[in-house]
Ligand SMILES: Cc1cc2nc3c(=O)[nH]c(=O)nc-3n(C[C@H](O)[C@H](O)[C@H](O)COP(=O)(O)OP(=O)(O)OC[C@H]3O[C@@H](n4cnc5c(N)ncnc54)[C@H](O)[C@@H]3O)c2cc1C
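As a starting point, one isolated chain is supplied in structure tokens, in the form predicted on its own.
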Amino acid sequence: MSELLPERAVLLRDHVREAAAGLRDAGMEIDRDPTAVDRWLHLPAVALMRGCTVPVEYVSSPLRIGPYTYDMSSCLEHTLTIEELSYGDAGFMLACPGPLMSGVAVGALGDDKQRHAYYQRLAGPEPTWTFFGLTEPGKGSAAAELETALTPDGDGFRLDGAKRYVGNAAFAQLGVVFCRRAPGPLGIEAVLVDTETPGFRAEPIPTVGMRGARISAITLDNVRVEREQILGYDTLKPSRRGLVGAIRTLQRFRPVLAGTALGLTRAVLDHVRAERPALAGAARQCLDDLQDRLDAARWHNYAIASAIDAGEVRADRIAAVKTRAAELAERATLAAAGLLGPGALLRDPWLHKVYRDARAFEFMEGTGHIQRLAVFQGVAKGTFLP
């Protein structure tokens, strides 16, 4: 797979792989108690997550490997970083402070002043958790159907509504909320919200898996919003912010999310090989088939991330690789439970954890149904297949 990557990406991958070693004990503890991430903030993996997509001029000690300096603003390098950390533990990676999806939204939509304030805060000495508030209780992640309202109030606005299934919202200090200022797709805005603002409330939602993501529900009750908090309000036309920003952020982030699923899948297959090195016959064939599918999905994911870096965004192919990666993670954990024998999920706490974690990918950053619709549209238009 290395031959597909430029030298700087290979060096980054190897560096992150080293930082991801040993994350599984921390991941198991966070699975039992998601707030336990506070006890692991000294790890190099946390520093990597805090710096992802933060420009190097804001970071006191930017990541340098050999002749290269990294901020992971490249989609390919961001994807590689997340995949390797997820091989260590996906739940731990998602529990870390840092920009994650909110950083992609601010980078795509924010003006110079907004980006400066955001990056200064993320690069500060204290760890800052962020959230990306798009999904709503009655509408899911259908960005065009948002009901959260941004209403004029004097020289500013007030924000009312609810968000659900938002990672880290109950523990974050800052985040992006998508809302509706006017009817129609051009009436959607993205707003930077400080969670200390009166009227903002968030609480964790109990989950079976991926507990490190600390999935939360948000209530917005008359939250004061200044015009300066609306991303790109003074620099972008309504047709280039809001809904377009949500879609661009999701498309930019889906290869990264696919990398999370593929990192977990690779970890599961390696775990089976370590536990059952003498697998033969149909069992070996099953494992080899999954490895072939993983290699193919990773190749496609790297190609798509590289295309995004080159300015080519193909929604149908992005949707396809995200769907395939989520399906593969589920399939690998199901196969592992069978290949490791009866009772494996009871005897093997780590396998039990990743078995539960893998079910989250179907719903993260757009459900499988939404992704398959995008693939169908690509097939119908004749753009999906070369």
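We number the residues from 1 along the sequence you see. Keep in mind the model is a prediction, meaning the values are calculated, not measured.
Although not depicted, the form predicted in complex with the ligand is the subject of the following passage.
Q: At 4.5 Å by heavy atoms, is each residue in V256, V375 and L385 next to the ligand in the model of the complex?
A: No, the whole trio is out of contact, none within 4.5 Å by any heavy atom.
Q: Identify, from the list A360, I30, A325, L48, the residue with a heavy atom within 4.5 Å of the ligand in the model of the complex.
A: Selected option: A360.
Q: Consider the chain as shown here, without its partner, and state which of L159, L146, M210, I230 has a heavy atom within 4.5 Å of the ligand in the model of the complex.
A: Residue within 4.5 Å of the partner: M210.
Q: Taking the ligand as it sits in the model of the complex, is I215 in contact with it (heavy atom to heavy atom, 4.5 Å or less)?
A: I215: yes, in contact with the ligand in the model of the complex.
Q: Check whether F200 has any heavy atom within 4.5 Å of a heavy atom of the ligand in the model of the complex, and answer yes or no.
A: Output for F200 is no: heavy atoms all beyond 4.5 Å of the ligand.
Q: Should G242 be classed as touching the ligand in the model of the complex when contacts are defined as heavy atoms within 4.5 Å?
A: It does not: once the ligand is placed as it appears in the model of the complex, G242 has no heavy atom within 4.5 Å of it.
Q: Would you classify L80 as touching the ligand in the model of the complex, given a 4.5 Å non-hydrogen atom cut-off?
A: No, L80 is distant from the partner.
Q: Which single stretch, out of 278 to 286, 192 to 200, 306 to 314, 127 to 135, brings residue heavy atoms within 4.5 Å of the ligand in the model of the complex?
A: That would be 127 to 135.
Q: So which bits of 161 to 190 sit within 4.5 Å of the ligand in the model of the complex, heavy atoms only?
A: Stretch hits, in order: R164, Y165, V166, G167.
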